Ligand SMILES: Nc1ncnc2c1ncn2[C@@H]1O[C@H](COP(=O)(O)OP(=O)(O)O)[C@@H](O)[C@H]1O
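Next up: just one chain, as structure tokens, the form predicted on its own.
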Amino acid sequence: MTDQAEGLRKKEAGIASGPDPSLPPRVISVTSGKGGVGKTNVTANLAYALSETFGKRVLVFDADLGLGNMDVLFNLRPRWTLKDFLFEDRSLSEVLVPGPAGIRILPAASGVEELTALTPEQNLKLISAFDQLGEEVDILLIDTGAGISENVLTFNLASQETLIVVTPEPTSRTDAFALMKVLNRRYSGKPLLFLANMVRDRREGLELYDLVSRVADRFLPDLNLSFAGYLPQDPSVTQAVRNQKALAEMLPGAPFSTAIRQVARDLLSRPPREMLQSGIGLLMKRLVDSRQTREGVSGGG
């Protein structure tokens, strides 16, 4: 009976589920202009929805380096973290942790200062390891830190698409626009997806998007910004965080859970593969380009 219900849910989703080895992995960064807007919670629930509902092989990279807490959100106790991979010669397969619904997670360490300023060589080591996982992953979700630090910008620029989480708070709107401005200056035309979080309904989400996009139209006319959906205010989110579970797993019928599945469905309906190059391989190339750009600016100064 459970299998039948699961099959029906996937059929109703209207999206082909399961891995497609003919397609390269899709790389999506999830970011925000400021902290406290629910970015990591969005990433965790999006990963769960993509895996459980749509059958995608999802790898979550906790790229909030030095302050990672994705493992806490999923109630995991990893033996090794990104620190052990980069500094202690642990393999990526040793560090990866299995999560719910088949998700795999690369946990960052918390309170490790060395991770806040990775060298280009360390970035390349990380992405080279990802490249070897290419055939085992459909979607790589990168949960970046907040703001416009160099690490945050690097992973956002290297991804195919960037999902920017924004709430109605004026500071969230302002900081989100600042992030969009910097990303657009570094990589004009990059697909940026606006996700309205903690809103009353779709209407408020669209109003929030319109408010930011009007400013962008005035000051950043070449900005490639689209509306990725909305996530409603839902008291169950706090309950799920306290229980260290994705709400989409704990209460699949909650308003937030229903909305995150719709966001996942809409993401999968977008056709980035015709417009963008291969995911993890492209990630590696862009990190190299980013390194050369920084070195050129430094050398020319």
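Just so it is clear, the model here is predicted, and its values are computed rather than measured. In case it trips you up, residue 1 is the first one in the sequence shown, and so on.
Below: the form predicted in complex with the ligand, not depicted.
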{"property": "Exercise: T40 in contact with the ligand in the predicted bound form, heavy atom 4.5 Å", "result": "yes"}
{"property": "Non-hydrogen atom contact N197 with the ligand in the predicted bound form at 4.5 angstroms", "result": "yes"}
{"property": "4.5 Å heavy atom contact, G36 to the ligand in the predicted bound form", "result": "yes"}
{"property": "Contact label in the predicted bound form: T238 to the ligand, heavy atom within 4.5 Å", "result": "yes"}
{"property": "Partner-facing stretch of 92 to 100, 225 to 233, 212 to 220, 148 to 156, counted where any non-hydrogen atom is within 4.5 angstroms of the ligand in the predicted bound form", "result": "225 to 233"}
{"property": "Interface residues of 244 to 263 toward the ligand, as seen in the predicted bound form [heavy atoms, 4.5 Å]", "result": "F256"}
